[in-house]
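Just the one chain here, laid out as structure tokens, in the form predicted alone.
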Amino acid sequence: MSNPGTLDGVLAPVLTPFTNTLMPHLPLFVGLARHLMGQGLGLAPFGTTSEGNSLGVAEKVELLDALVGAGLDMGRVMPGTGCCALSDSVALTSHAVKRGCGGVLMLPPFYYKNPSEDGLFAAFAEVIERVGDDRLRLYLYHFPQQSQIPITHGLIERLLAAYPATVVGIKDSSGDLANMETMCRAYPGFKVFSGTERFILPVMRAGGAGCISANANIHGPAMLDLWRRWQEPEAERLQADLGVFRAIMEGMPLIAALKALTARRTGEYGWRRVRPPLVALAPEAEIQLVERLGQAGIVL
């Protein structure tokens, strides 16, 4: 198991279930969170996989409070709190800190394109200053394909210089392994998480902290096994095995596919629901996905 109360290892970006009126389904959410944490995984709710930008601030607060009420180890939770509105980012981040979360994962404000480095620094600095809590541990979220706003090395260096005890790491979902390796080596003590299980082994070899991958909702134990054993002779084979699952899932609309697999695993049909503009996985596509996983020897 990853260390209790810490945010190293493998974190699952927890899927968000919805009722038939498309409101967050708290019992299913808590059930999945407990299942994932019971496997030794940390939790990273309200990011891309969680449909986080389709959820309002009040909904995220309610979901976070449900985890607290369930008695889960909040030191192993890294909720996404980066919003376009400064006040929303501050409110969510403050609530996460007060609820004992081990850290927060923060997108840059992503609506206005081509912002200056000065502007992005100010955006993160304003959140940190307004939260004003020494317990805050902020992880940057670098996902330029989705946000269109990259987290540059220059920005990281400025934030580390200004807030060395607060800005402590990054999730890199760019798919750029060289960027991850460079950050691991350039910023000692800065926790670098790969956004794909394809790179767990090379990132750990470069000095990284672990992985935060959508597929951990289904395939997390295999990722955690590699993270634990990355220095063993079997590591290359374990990494290759993870690539098989990843390749199958990359041929599908990822969130809808993960929800369909979760519905099959749990027997709860409601897991198939997504919020518009996403659409649920078509039944024929779900059957094909399960068949491909079975052919690869992967059992849910």
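Source: prediction; values computed, not measured. Heads up: residue numbers just count along the shown sequence, starting at 1.
Only in words, not in the display: the form predicted in complex with a further copy of the same chain, which the text now covers.
Student: Mind checking whether each of Pro13, Ala247 and Gly251 has a heavy atom within 4.5 Å of a further copy of the same chain in the predicted complex?
Tutor: Judged in the predicted complex, none of Pro13, Ala247 and Gly251 sits within 4.5 Å of a further copy of the same chain.
Student: Indicate whether a further copy of the same chain has at least one heavy atom within 4.5 Å of a heavy atom of Arg135 in the predicted complex.
Tutor: Heavy-atom contact with a further copy of the same chain at 4.5 Å: absent for Arg135.
Student: Is Pro276 a contact residue for a further copy of the same chain in the predicted complex, using a 4.5 Å heavy atom cut-off?
Tutor: Pro276: yes, in contact with a further copy of the same chain in the predicted complex.
Student: At 4.5 Å between heavy atoms, is Gly270 in contact with a further copy of the same chain in the predicted complex?
Tutor: No, Gly270 sits far enough from a further copy of the same chain in the predicted complex that none of its heavy atoms falls within 4.5 Å.
Student: Find out whether any non-hydrogen atom of Ser147 is located within 4.5 angstroms of a further copy of the same chain in the predicted complex, and reply yes or no.
Tutor: Yes.
Student: Of Val168, Val97, Ala123, Ile218, which residue is found within 4.5 angstroms of a further copy of the same chain in the predicted complex when only non-hydrogen atoms are counted?
Tutor: Exactly one listed residue reaches within 4.5 Å, namely Ala123.
Student: If the cut-off is 4.5 angstroms on heavy atoms, which of these, Cys84, Ala162, Ala186, Leu177, is the one near a further copy of the same chain in the predicted complex?
Tutor: Only one option qualifies, and that one is Cys84.
Student: Within 4.5 Å, heavy atoms only, one stretch in 236-244, 260-268, 50-58, 34-42 touches a further copy of the same chain in the predicted complex. Which?
Tutor: Result for this chain: 50-58.
Student: Between 89-118 and a further copy of the same chain in the predicted complex, list the residues on our side with a heavy atom within 4.5 Å.
Tutor: Residues within 4.5 Å: Leu107, Pro109, Phe110, Tyr111, Tyr112, Lys113, Pro115, Ser116, Asp118.
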